[in-house]
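Below are two forms of the same protein chain, given as structure tokens: structure 1, then structure 2.
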Structure 1
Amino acid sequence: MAAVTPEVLTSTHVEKMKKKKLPKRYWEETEKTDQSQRRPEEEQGKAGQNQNKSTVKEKSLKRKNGESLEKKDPFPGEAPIPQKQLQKFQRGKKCKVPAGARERLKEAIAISEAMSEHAQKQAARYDLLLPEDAGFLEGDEDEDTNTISQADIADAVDITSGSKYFNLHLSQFGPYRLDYSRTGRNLLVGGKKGHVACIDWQTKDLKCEMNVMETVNDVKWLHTEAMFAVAQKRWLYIYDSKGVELHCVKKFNDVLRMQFLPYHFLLATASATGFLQYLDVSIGKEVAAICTKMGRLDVMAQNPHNAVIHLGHPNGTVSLWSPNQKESLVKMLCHRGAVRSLAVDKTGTYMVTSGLDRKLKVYDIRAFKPLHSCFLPAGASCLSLSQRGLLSAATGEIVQVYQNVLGSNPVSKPYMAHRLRGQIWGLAYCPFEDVLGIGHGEGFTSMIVPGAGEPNFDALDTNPYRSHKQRQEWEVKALLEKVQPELIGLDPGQLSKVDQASFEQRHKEQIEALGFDPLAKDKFKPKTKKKGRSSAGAIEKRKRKVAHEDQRDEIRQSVQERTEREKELKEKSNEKKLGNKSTLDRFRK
């Protein structure tokens, strides 16, 4: 037996070596055959090797014969995917198999992991098929891109793109607010003095125009191009795309700013009286009205990642709100003076603020930490972030566009700049286009900002080229999967996580829900006894017997704990003492 075992071992060893071989490549062919011929010679004389040798020879023969007949794939296996692309489609961390897991659980985890990996790879592969590339602007040597004028850019690009730079001279009803629809096809402008117009801005087709004969504070598209909301002097009005008044919502008064949450069908409004109100536009109900107690609310932004509303306040704080809570989720002190403007990027990672202290600050709102700040001599009255992370800031009469603001590197010189006449009142990037809309005292300007818009849209979500039928279909689908306002919170992915509430937590919640503690011990109630033994005195006596039982239990426990702790301390100190005495102690670190 002893003689046999080493042979077995060697043979298994050889087999293992074979298993470890890398997949064969076409250029390695000649070397391999040499090796396979050489190896049996080296190990000649060993039992169990003969078989191996013969198979190898057969294989090599076969390969030589078949070489001319079948061509081999020079790049076998799947095409590699760049790590960066894979990273983009990573959702959460990989699930680890807990220690001591059963076979069934292990299998389930393995299967689900394999499936999600497959999905991730497929999605990453699909990136190759995306039809469009993002725009860009590069200057010549010693030429700053911010010195290039809009007219030059409009001349340099093709006619269709060139026509995206235009001005609307509307000096009468002065400074304008604006909003682009979600698909980026329609533009809504609202002048302070009551002029409201909606335009298909690419074809320059005027859809409706009217004067509401009242102050207009803000305008906002609702979920489709068919409806928009106008915050007028007293009430909130909703018009359709032909300018017909659909609703006058008198529950919403003195609205200054509005935000529309498209997946929740909620119109969030901030009013001069300090109220933050939510209107569900699908059912026409007020979902929540929150008194912020922060005075006039004229700075507002939404976080597109989690639908939390950010409000800026005159005392320099920014507060975060959800409709489910009467208090703010978070309050952060951002500026020394009042907050003038706010913008949140689409991944919900960064927030950009500007204040009366003429600073521009970038925050990481996952950790609520400032990343960097810079000083703008004129301060920024309006801020806007594009889909690809370009920041535009209105400083006085100049609109400046910054690149690479989001992230840890500090703000450098602007990427582009454009001077206008009149004070700037509204800034908005057009989705899926390289266009920045500017509303100002003298009307409206559409400015070309190369590299601002997301080049590839998803037609099931927002399709700029959708037909009437497709829009109808989309509307039904969107309404069916309307996210309930109860699900708005800081972490939108919370629903998919395991609820790991501890026993105590659950117990606490139960107490809150029930109003009493279901696990509490009943108070001792002495039984009534007959034949005069249940006199008041006797009952009191019996009660006294158990009166301090609980207290005694507690005391007993605490005493026990204390003695244990003391014991431990003693042991530790003993160890230390012993350690001091040892001579090797000086080598300790």
Structure 2
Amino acid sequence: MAAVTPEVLTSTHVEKMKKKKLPKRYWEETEKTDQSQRRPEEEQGKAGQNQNKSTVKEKSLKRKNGESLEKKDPFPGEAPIPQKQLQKFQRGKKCKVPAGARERLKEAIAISEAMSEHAQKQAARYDLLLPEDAGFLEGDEDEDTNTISQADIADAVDITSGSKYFNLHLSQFGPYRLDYSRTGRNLLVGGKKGHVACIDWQTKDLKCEMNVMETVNDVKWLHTEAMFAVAQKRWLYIYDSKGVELHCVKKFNDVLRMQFLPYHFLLATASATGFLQYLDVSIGKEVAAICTKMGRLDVMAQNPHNAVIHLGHPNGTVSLWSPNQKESLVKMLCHRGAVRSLAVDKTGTYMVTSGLDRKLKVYDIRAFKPLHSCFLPAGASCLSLSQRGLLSAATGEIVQVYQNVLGSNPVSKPYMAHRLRGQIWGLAYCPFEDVLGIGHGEGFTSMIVPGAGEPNFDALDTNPYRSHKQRQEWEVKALLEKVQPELIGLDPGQLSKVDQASFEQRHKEQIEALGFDPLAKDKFKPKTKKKGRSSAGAIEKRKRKVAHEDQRDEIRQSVQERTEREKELKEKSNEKKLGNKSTLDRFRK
């Protein structure tokens, strides 16, 4: 056999396993050039490579010691929120903790304040996700926007926006009053001579149409698009969206104006006999009937902020009403003549009134003082405020829209104007749309007003695109969250405040209500004892021992307080004496 050569032995499979190299980490330099592609310049820079090796060793040592090698975030934490954006979602002033409050109350106030602050910050952050912005109308140089006609606006905008300007010629049963649903999708019109119709005005789909063969004074949507109320000549009727009569409420007679409070499910009505009545739509009962003693009530508006009803009267006053009181909350003298129309903005801060004295006045409801007024040559018969604060005033056959009216700025020239054929009888802005609905003697007109509607909507409250199933779910939730009519008042924030009335005041009110003092101690009645110990003399002795116990306790407390004060005064005087002495006083004679 041939001898095995050493070369063959080296190629056997029993050779030593070479140590595996550890995988390179992301902080180590993995890019190495091949020796074949090296340039002479790279060979000269070996010193730089040695430095790189030392940095790699330092990094590995840092990793062994537990130091992190990740890059620090230059902007740690959440992004800061601008102060102006936070003020936009501010929820009133912070609640102060009353003196002497218990720990449980302090914890509850702290938790509620933390939750409100968190909600404010979240709302301010998510405001960036609302890209929609309000529109506006801008004319050319030396051109007034009130000279631009509706036909020119409809031609300039896109097809869907242009279709929002239309006319319904209904000269036979006019003049018309109107109302938009809270979602802004449906329109309800009612003619003076009995014609009632509800329409999906965007698709022009007619849902129902009928003639009640009786005078119609007002129409109003209820909590959903499935029900609406009609104030007819004698009584109040409620119909569904198909025109089927659901109820005839005979307690509500001669109704002239109506307002629906959506969060309370209350339908407020003002009648020709001077009565203000509230109907709870959820249970079908009359909540309150108030005799105002102010004559015919044909001017009515509601404050969306606190659900207080505003009524205008022929003597020039405006009164504010709540179903909890038989008397008016506030009575204001606004005009020298009768009040013709009222409007309150959505924040509940400003009220706009017009009267027979042909003046238009803006009031601050918080102080109940007029901010400014202006003179209109023909006077305003109808007023309406949009979600963005635009004011529309109807004077005869002309509708004028004013901008920047609310606040301290005086009323200037109109922002837009439009002339119609018949006498105007009703005005209403469509929610979440730049549309003004006008009811007049010749029918109905939908007018485009850029910048009138709120561009972003709350889908949990009023969703214009909700389905039938979503509407049903919303109705159930709204009924569960219904606000009771007892909570209606001028200051809705008063509910979240702590009652700081003194114990003595509440105790006095309790005595007046009950007729006796529930905390008063019963008189001492000695027990009967045997073996002659319950004789008349013994009973009197026991009574004398117990008598004047309260006075004795008060005397003891006063004596203890007096002794404590004397001790404190002595200690203070001793401290003063010691404080005045110095180390050199011992050497003095």
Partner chain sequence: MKVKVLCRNPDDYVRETTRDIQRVPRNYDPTLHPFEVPREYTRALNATKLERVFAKPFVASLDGHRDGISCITKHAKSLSTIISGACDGEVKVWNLPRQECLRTVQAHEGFVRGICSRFCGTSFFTVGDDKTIKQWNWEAPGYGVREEPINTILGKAVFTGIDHHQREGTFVTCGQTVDIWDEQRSSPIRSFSWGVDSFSCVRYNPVETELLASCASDRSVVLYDTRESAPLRKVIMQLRSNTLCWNPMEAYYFTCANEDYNLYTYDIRHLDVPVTVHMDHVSAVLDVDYSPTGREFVSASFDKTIRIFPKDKGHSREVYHTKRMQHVICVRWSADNKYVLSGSDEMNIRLWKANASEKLGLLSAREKAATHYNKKLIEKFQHHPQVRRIARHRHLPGDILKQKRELREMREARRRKEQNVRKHSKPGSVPLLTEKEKHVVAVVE
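For the two forms, the rigid core is made up of the largest set of C-alpha atoms that agree within 1.5 Å on superposition. As the structure is a prediction and not an experimental result, all values here were calculated from the model. Please note that residue numbering is based on structure 1, beginning with 1 at the start of its sequence.
- Label of the structure corresponding to the form predicted on its own: Answer to the question: structure 2 is the form predicted on its own, whereas structure 1 comes from elsewhere.
- When the two forms are laid on each other by their rigid core, does R358 show a Cα shift of 2 Å or more between the two structures? Stays below the 2 Å threshold, so no.
- Query: Fitting the rigid core first, would the Cα of K94 be found 2 Å or more away between the two structures?
  - Reply: Moves: yes, 2 Å or greater.
- Please say whether, between the two structures, the C-alpha of Q83 moves by 2 Å or more once the core is aligned. Q83: C-alpha displaced by 2 Å or more between the two structures.
- Task: Provide the displacement, in Å, of the CA of V546 between the two structures, taking the core as the superposition reference.
- Result: Comparing the two forms, V546 shifts 20.2 Å at C-alpha.
- So if we fit the rigid core, how much does the CA of F516 shift between the two structures, in Å? Displacement of the alpha carbon, after core fit: 5.3 Å.
- Where the rigid core has been superposed, how far does the Cα of H507 end up moving between the two structures, given in Å? Between its two positions, the C-alpha of H507 lies 3.9 Å apart after core fitting.
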